[in-house]
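Only one chain is given next, in structure tokens, and it is the form predicted alone.
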């Protein structure tokens, strides 16, 4: 089916995080299908080089600093830049990722552009719904901004239900569920077969909700009984605590902190299992990447993770905070290579079937077309 081509302004966060990664992948996918895509952010996005190579135009919002302003008004700067780019490039749609502040950015830009302003799509990602979106400091303004959008999308039904419960939006604004996606061809070959110890990988932004300290404690249970090592990818507020805990437990020789990396596939290929003991996940993009690389995932039985990881088929689940449970899952997989291979193969097949890029980009194109009909 031949689809209409649109000019699309995408607004996303520039930092490392799931919403920025998804925004970049969607922008690249749409550009590859012939849409004119412009990405607006406060600075060069995390995957800026890949965006540019795909033909996506990048725009940084100018953020003037003044001693009279304690916090620079990034929302106003983004809205002004968005309005300018839409007008100059004659774009047809606005698509923003992560509602705080970007749903408000879209609303402000549309008010500047007036009656001919493009319709907008807001993709919510998780913490922009709960806990942040439901906070009284943000809720009234954010609810109004979401009401201004033509279509809302979420990566999971779990998050869609949260949006409905928290923001009390009318039936016309119930979110479309468009799962996140990965291209499994990027992980061709799967984990390496080098002689090495059983390896666990954890990747996150080290916020408390990711429970990186639980990951260290669960790994310590494994390391007591089996030769093992762990790779911790990412950075964030709890990374110093995680490093201190590793030192306290005497695991400095077995745990490697590698910081933020644009391509996680290198570390996935060095690993045997992925560990996600999060307290909450609207979807679980790292779990999807690990499954796509042929790794079984040990994760919390919570939120969108229960959709991404099929318990007993592509990974193992434990309750949030159950350090012993996570440790036992790791020990079980360390001692059972055939089970690891079985779960890994099944996970890769499942990702290609349910979370292929073509499926998601088809749905985003449908949403882009549908804004004129709602």
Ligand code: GMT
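Computed from a prediction, not measured in an experiment: that's the story for all the values here. Numbering follows the first chain given and starts at 1.
Below: the form predicted together with the ligand, not depicted.
Enquirer: Have a look at 254, 150, 127, 164 for me and say which one sits with a heavy atom within 4.5 Å of the ligand in the model of the complex.
Expert: Result of the distance check: 127.
Enquirer: Only one of 81, 107, 180, 300 comes within 4.5 Å of the ligand in the model of the complex by heavy atoms, so just point that one out.
Expert: Checked against the cut-off, the match is 180.
Enquirer: Is there a heavy atom of residue 239 lying 4.5 Å or less from a heavy atom of the ligand in the model of the complex?
Expert: Flag for residue 239 set to no.
Enquirer: So in the model of the complex, does residue 285 come within 4.5 Å of the ligand, heavy atom to heavy atom?
Expert: Yes, residue 285 is a contact residue.
Enquirer: Verify the contact flag for residue 209: yes if a non-hydrogen atom of it lies within 4.5 Å of a non-hydrogen atom of the ligand in the model of the complex, no if not.
Expert: Contact with the ligand, yes.
Enquirer: Do residue 22 and the ligand come within 4.5 Å of each other in the model of the complex, heavy atoms counted?
Expert: Looking in the model of the complex, residue contacts with the ligand include residue 22, since a heavy atom lies within 4.5 Å.
Enquirer: Looking at 292-300, 118-126, 216-224, 167-175, which lies within 4.5 angstroms of the ligand in the model of the complex, counting heavy atoms?
Expert: Residues of 118-126 come within 4.5 Å of the partner.
Enquirer: Do any residues of 148-178 have a non-hydrogen atom within 4.5 angstroms of the ligand in the model of the complex? If so, which ones, in sequence order?
Expert: Sequence-ordered list has one entry, 155.
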